[in-house]
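The chain that follows stands alone, in the form predicted alone, written as structure tokens.
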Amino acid sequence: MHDFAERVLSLLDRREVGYADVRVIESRDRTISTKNGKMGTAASDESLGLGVRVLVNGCWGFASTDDLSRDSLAAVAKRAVEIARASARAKKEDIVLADEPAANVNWISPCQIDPFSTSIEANLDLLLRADAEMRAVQGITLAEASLNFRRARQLFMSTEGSVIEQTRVITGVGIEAHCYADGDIQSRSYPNSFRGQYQLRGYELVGEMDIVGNARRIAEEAVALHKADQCPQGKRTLILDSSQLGLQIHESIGHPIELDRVLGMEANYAGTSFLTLDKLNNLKYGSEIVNVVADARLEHGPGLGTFAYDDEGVAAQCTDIIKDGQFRGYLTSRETAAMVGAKNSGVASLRSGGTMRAEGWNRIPMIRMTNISLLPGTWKLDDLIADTDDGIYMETNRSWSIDDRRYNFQFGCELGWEIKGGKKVRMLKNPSYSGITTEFWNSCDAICNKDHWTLWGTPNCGKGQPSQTMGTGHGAAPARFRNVNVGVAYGG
């Protein structure tokens, strides 16, 4: 890997190229899934390729290849420079990079059990046992289970002297039970919807999730939902479980703080942002108990947004996004940090926040969420429910919708519970809630403590064209919100 990167950098004319970096990525993936007692998917993939980014005449050029022969490397270096030259013809101003010290690091994410050391036969046996437990519940029409593993080794090398090697292992596991009756489908997922839980860990995560032990319970809940009452409509007190709150953070905080969206540099897939520069340090984003950070450091947890260095050689950091309810920070790159700092000193740090990441060797890095997390509060969940006289508790996302400035939203959940007099009194089906981002976060009056806090993995965040799918992390504990519009997402 080092030879490939060094070869490309040596081919660049430093009299013309002001800066360049090379990423060489070797990856391995495995996906195993089952449906109704049969294998659904058994796929594996291996990839090795290289991408080079150059700054010429104040503009970026990027090119990539999976042909690592000497001639191909020379061609990809030449092509990156040609693209930068062409881009410079239409530039408005030169790109300036915030300073960043060179680093020489070899980092490996913690992994107790290498998931690729487990056999496909053992993976399939586990999924089929969970599948059988779900289908043992009368009324289940579709049972699904899946495992996803990824190991990526990446070398980053730049003309500034950085040589950074990182190896990240990711594991995902999940099950879903679906019940179709009388023209209606009800579903329950564990440990989360949309393929379950993902973390920067090894196969030990699979054992901890115990999908076989939880399979019958979620299947029973899916069947029971058909007999449940529809969620009542109107203004109610709302308690969200931590997984649903994780997605709420992703959509109404994570995307709008991406500074490339704010500056109009990127609008594909998720729109722009209402968080214009004048709102930094001036907007009351949430109530005083709301504290949100962007934290890529390992000490924050094994999230999908955890790493040692981002894809332009900036060290992982913790950045305050919301501090005591006040809006304090964006997700930045070396380019955008310098750009904003030059325009308005004090608006943003002159150092990058370390959030540039790319899906693979054939994609240029862009600003992406790391681990965007709501810090825990002080409540125990049982005490929070007991303290709620009249409200609704919602679990597990089913659907989401939010406008292209990340301001007006509606979410549907798989399951709800009506709370009366501090107790859960009845199951509710098809629950949903809606609101305006800042009004919603300002209505938060209680957050559960660290014992209830989970760092959830979102493996499928899309952005950009060509599209890039990236994993992000979102830590959250159940929290309560007052006077929220609730209603029915599906059905009459």
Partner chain sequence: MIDPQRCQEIFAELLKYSQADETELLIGGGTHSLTRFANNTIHQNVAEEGYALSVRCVFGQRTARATTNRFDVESLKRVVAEASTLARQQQPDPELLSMPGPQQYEPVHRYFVATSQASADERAQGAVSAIRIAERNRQVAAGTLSTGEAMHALLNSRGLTAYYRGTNAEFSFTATAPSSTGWAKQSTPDLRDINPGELAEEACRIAARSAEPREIPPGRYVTILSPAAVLDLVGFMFCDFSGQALRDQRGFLTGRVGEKLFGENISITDDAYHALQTGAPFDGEGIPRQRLNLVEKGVVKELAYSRQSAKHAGVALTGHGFSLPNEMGEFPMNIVIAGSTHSIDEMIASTERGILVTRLWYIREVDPYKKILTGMTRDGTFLVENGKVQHGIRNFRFNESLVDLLNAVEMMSKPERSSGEESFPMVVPAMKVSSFHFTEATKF
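Because the structure is predicted, anything quoted here is derived from the model rather than measured. Numbering follows the first chain given and starts at 1.
The same protein has a further form, the form predicted together with its partner chain, not shown here; the description that follows concerns it.
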query	finding
Residues Ala102, Arg216 and Leu275 all lining its partner chain in the predicted complex, heavy atom within 4.5 Å	no
Residue contact check: Glu439 to its partner chain in the predicted complex, 4.5 Å heavy atom	yes
Proximity of Tyr269 to its partner chain in the predicted complex, heavy atoms at 4.5 Å	yes
Non-hydrogen atom contact Glu26 with its partner chain in the predicted complex at 4.5 angstroms	yes
Its partner chain contact at Tyr407 in the predicted complex, heavy atom, 4.5 Å	yes
Option from 358-366, 156-164, 304-312, 207-215 whose residues, in the predicted complex, bring a heavy atom within 4.5 Å of its partner chain	358-366
Contacting member of Gln138, Asn282, Ser401, Gln112, with respect to its partner chain in the predicted complex [4.5 Å, heavy atom]	Ser401
Contacts with its partner chain in the predicted complex - residues in 120-140 whose heavy atoms fall within 4.5 Å	Ile120, Glu121, Leu124, Leu128
